[in-house]
Each structure stands twice: as C-alpha cells, then as structure tokens.
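Below you will find one chain, with nothing else, as structure tokens; this is the form predicted alone, and questions on how it binds or moves follow later.
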C-alpha cells in the first residue's frame, strides 16, 4: 500500500464512477510556470462602490436594505428564469430543451471585509439557517427538482465581487454531477442496504489519515479520490438527506466545522484562500417509480474545490491531459490532509 502511494496510480470515485490519476513523484519538479497575483487581504468594512453592501444601489437600480445579518435577493442577472415557454428541439443530432429556474444571491454578512472563517459562530449559523430557509421556500415550487447552493470565493475562482456572498440556482432538472451522485448512491443503497457516504465517512474515521477537522456531527476530509490539491469533502457522521432535516444543533455544528476548515485554508498560505464550495443534497418534488424509497439513499455533503497548489501565487491548472483524458494530481490526498491538519486553528490575522 505504501508503495502505491509513492508511485503513479489511479483512484476510483464511488460517488461519480470516475477516476483520478495520482503522480506523487511529480512534486519534485521545479515550477517555472505562471504565478498569480495574491489576493489583497485589506478591505474596508463598508465600500460605497460595492453593489452588495447595505444601503447601496445595485446595477439594476434597486437599493439594498440596511441589512444587519444575512440578506438574499433574486439575482439581477439570473442564468435561468422561472418563465420559459420555448419549445424543445428534436432534430437528430441537434437537440435542445428549455430550462426553468430561480437564481438568488445570498450576502453572508453586511460587512464587506469579512469571510466565513473570520465571522463568529452566530454569524455563520445565520448563514446556514438562511440556506435551510431558502431550500424550504424554493422547494415549495412544485416544478423545482434541484436546489444548488454554492459559493465562488475569490477572484481566482471568477468571483466578480469580494463582498462575502454565495448563490442559489434552483431548476426543473437534476444537473449532470448531482445526477451521477444520485445514481451511484441509489445503486449502493439498493445493493448494500446502507448509505454510501455514511459507510465511507465511518471507514475514513477509522483510518484517520485523510481527516482534516471534525466535531461530534461532521467530518471534513480530503477524499481518497480528490482531484484538486487541497480539495475537501464535508460529511455528517449520521445520515441526513438535506438541510430540511437540520435542527439547531446540526446548524451550529456545521457552522463550527466551516469556520475551523476555513481558518486552516487561510492559514495554509496566509492568504484569503480561494475556492468553489457547494452543497449536494436530496432532490425535491421528484416523482419516483417507488415512492416508498423516497430519497433515502441521499446523504447531505459539501464539496470544497480550492485551486491553489504550492503557494498563494501558484495554482493548479486543469489543462492538456486533464481536459483531454482524465483528472491528474501530484500531491497525494494523504499528504494534503496531513499538511492541512498541521496548520494552526487560530486565524493568522488574529494572532498578531
């Protein structure tokens, strides 16, 4: 096993059915490629030019309220719209289907300069509580099947506004990646009678070498099949299908883990660590062949996909072989987890 982790090999992702190539010997190669401009950590608490700050006017002319906690609103530039009566195209190899959806923006904090790892416990609990409320309210639309909550954090991830915020895209179909996870979780549940991700997290806790942070209810780990260098997966210790099943205890527990994981990310290269983060949870309003099965195969989880590789200025590129064949990584997931575990749990901006 040790020899496997020090030589080229590939690893299977049971959640999607895909593989990732691991090349640990390549960590010794010198870097003469592109370096990124590091993120600026100093921002004002309020920016009069920011479209998302309280009381400011957005690009469509609407004025934000003087919100004091979290604040959600319909996206001014929604990628999908609730009203779409266009017809499908069925022309041999040329097919298209109309899509309907709801897009919302969620400001995590009224302060322009805060991020999740620098917010306090109650503030992050408010974010999770708002996610739960939005999930419930959007699910009341009977034509909605999937609700994707996510955050693109940092300009390196294409975020156009540094104000701490995330998005919600809800739509009338199950998108490709959640559909793959749905299929694999259902097949495992039917074959084993257990939940794939619960069996997985229990096995990871026993091994311990890929765990980053944990508490009584959630575990953050570098998955065995991780693609991005410091990718993490947040899993519950006991099955919960969606935010709809979260009580206040689970809300508090998830907020605690998000803060502690975020601090380790920021401390790794002492920067405002960029990432894309998303919640995967049970679909809603789905008409199933077997109504007794419901969505019992689903387990709520969160993916964190950070692009940084060697420093705050060097990122992992998905190019060449990755685009044409399959994902590839150099640093092993075990090494990545060990590095993240060793980082201080006190934010570097709070220590001095």
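Residue numbers count along the first chain shown, from 1. As the structure is a computational prediction, the values presented were derived from the model and not from experiment.
Just so it is clear, the following notes concern the form predicted together with 5,6-dihydrouridine-5'-monophosphate (H2U), a form of the same protein that is not shown.
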Of 83-91, 107-115, 160-168, 267-275, which is the one stretch near 5,6-dihydrouridine-5'-monophosphate (H2U) in the predicted complex, taking non-hydrogen atoms within 4.5 angstroms as near?
160-168
Out of 51, 67, 46, 305, which one falls within 4.5 Å of 5,6-dihydrouridine-5'-monophosphate (H2U) in the predicted complex, going by heavy atoms?
51
Could you tell me which one of 176, 137, 199, 76 places a heavy atom within 4.5 Å of 5,6-dihydrouridine-5'-monophosphate (H2U) in the predicted complex?
76
Look up in the predicted complex whether residue 58 has a non-hydrogen atom within 4.5 angstroms of 5,6-dihydrouridine-5'-monophosphate (H2U), and give yes or no.
yes
